[in-house]
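The data below hold one chain only, encoded as structure tokens and taken in the form predicted on its own.
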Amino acid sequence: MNAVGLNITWIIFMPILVIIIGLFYLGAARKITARIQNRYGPPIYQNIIDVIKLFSKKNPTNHGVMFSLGPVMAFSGMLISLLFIPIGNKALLSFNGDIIVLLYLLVIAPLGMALGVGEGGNPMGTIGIARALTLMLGYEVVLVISIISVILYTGSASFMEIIKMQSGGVGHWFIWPLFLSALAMDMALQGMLGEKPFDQPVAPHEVASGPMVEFGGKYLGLLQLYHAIGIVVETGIFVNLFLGGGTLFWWFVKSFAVFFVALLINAVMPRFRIGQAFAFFWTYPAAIGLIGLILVAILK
């Protein structure tokens, strides 16, 4: 098979694999949280069953066009972002500056959610999306500071080049020389994943699942797939920048390890108020990230 055929196969195969593994991540999250809380919990494949059932149901029909386009836009934005994440030391789209492009693409999915929720007209959804956008304004600043540190340290804005510089074993991973930047990004990742103490947008006891409260049927199924891809994309950024990427198997092992740490924090932390969450990101993680950036600028 020629290079074009291999790329087409990879483009078709990889999103399907990521969706399936992402749904298993979600199932594992429910199982692990249940066991920590001394419950049995659902099987780890429960999310796959849930998505199949949701896609077999009818969609809500009492809303406008944007209500339907919102989930599609959210899913498409995250799917396109996946194309720029090297998985198994192979990226579907790779060039110098792809990290910058990815930062822009990651905004598309929340924007799609916001447009769809606004069309739904449910006040709980509006509150949830307002919280999500406020939270994003907090963790995105920390994320950008951490990424700038890596770019300044390596002199490259290409995922593949950064991964190549970390080849040679654990001792070459950037988590060691850029520990402060990695720590700041891991804090931001907790908010990106929506795990406690940063699950304010979908807090079930406060805003009845927030942005997803009006969605059902295939729309909700599509949002479940969006969330599944999002977990892999967001943990994958950390894996590629600080943990050296890896072959297909080890890449997913590292990705799940990062997600597992977020789950443990989620299981033991209470939920912050949205003001507390925003203030937290602009104090401790931002300060740690800035110190890391300054050290890189001075010592590089």
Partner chain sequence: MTKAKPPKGLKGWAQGRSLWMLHFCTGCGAIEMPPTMTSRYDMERFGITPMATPRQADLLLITGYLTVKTLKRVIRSYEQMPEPKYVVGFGSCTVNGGMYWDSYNTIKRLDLYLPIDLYIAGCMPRPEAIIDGFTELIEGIKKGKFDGWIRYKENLEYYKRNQAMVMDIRKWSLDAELAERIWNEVQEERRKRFERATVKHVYELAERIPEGLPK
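Numbering follows the first chain given and starts at 1. In this text, all values refer to a predicted model and were calculated from it rather than measured experimentally.
Although not depicted, the form predicted in complex with the partner chain is the subject of the following passage.
request  = Decide if the three candidate residues P42, I49 and L220 all line the partner chain in the predicted bound form, where lining means a heavy atom within 4.5 Å.
outcome  = Yes, the whole candidate spot contacts the partner chain.
query = Thinking of the partner chain in the predicted bound form, which stretch from 77 to 85, 209 to 217, 94 to 102, 138 to 146 has heavy atoms inside 4.5 Å of it?
reply = Only one stretch qualifies here: 209 to 217.
request  = Although the partner chain is absent from this view, report whether S68 comes within 4.5 Å of it in the predicted bound form, heavy atoms only.
outcome  = No.
inquiry  = Would you classify Q200 as touching the partner chain in the predicted bound form, given a 4.5 Å non-hydrogen atom cut-off?
reply    = Contact with the partner chain, no.
request  = Flag S56 as yes or no: does it have a non-hydrogen atom within 4.5 angstroms of any non-hydrogen atom of the partner chain in the predicted bound form?
outcome  = Although the partner chain is absent here, S56 would touch it in the predicted bound form, with heavy atoms inside 4.5 Å.
inquiry  = Contact with the partner chain in the predicted bound form for Q190, defined as at least one heavy atom pair within 4.5 Å: yes or no?
reply    = No - in the predicted bound form, heavy atoms of Q190 and the partner chain never come within 4.5 Å of each other.
query = Which residue, G168, P204, G155, G121, has a heavy atom that falls within 4.5 Å of the partner chain in the predicted bound form?
reply = By the 4.5 Å heavy-atom cutoff, the listed residue in contact is P204.
ask   = Can you tell me which residues in 16 to 36 come within 4.5 angstroms of the partner chain in the predicted bound form, by heavy atoms?
value = Just R30.
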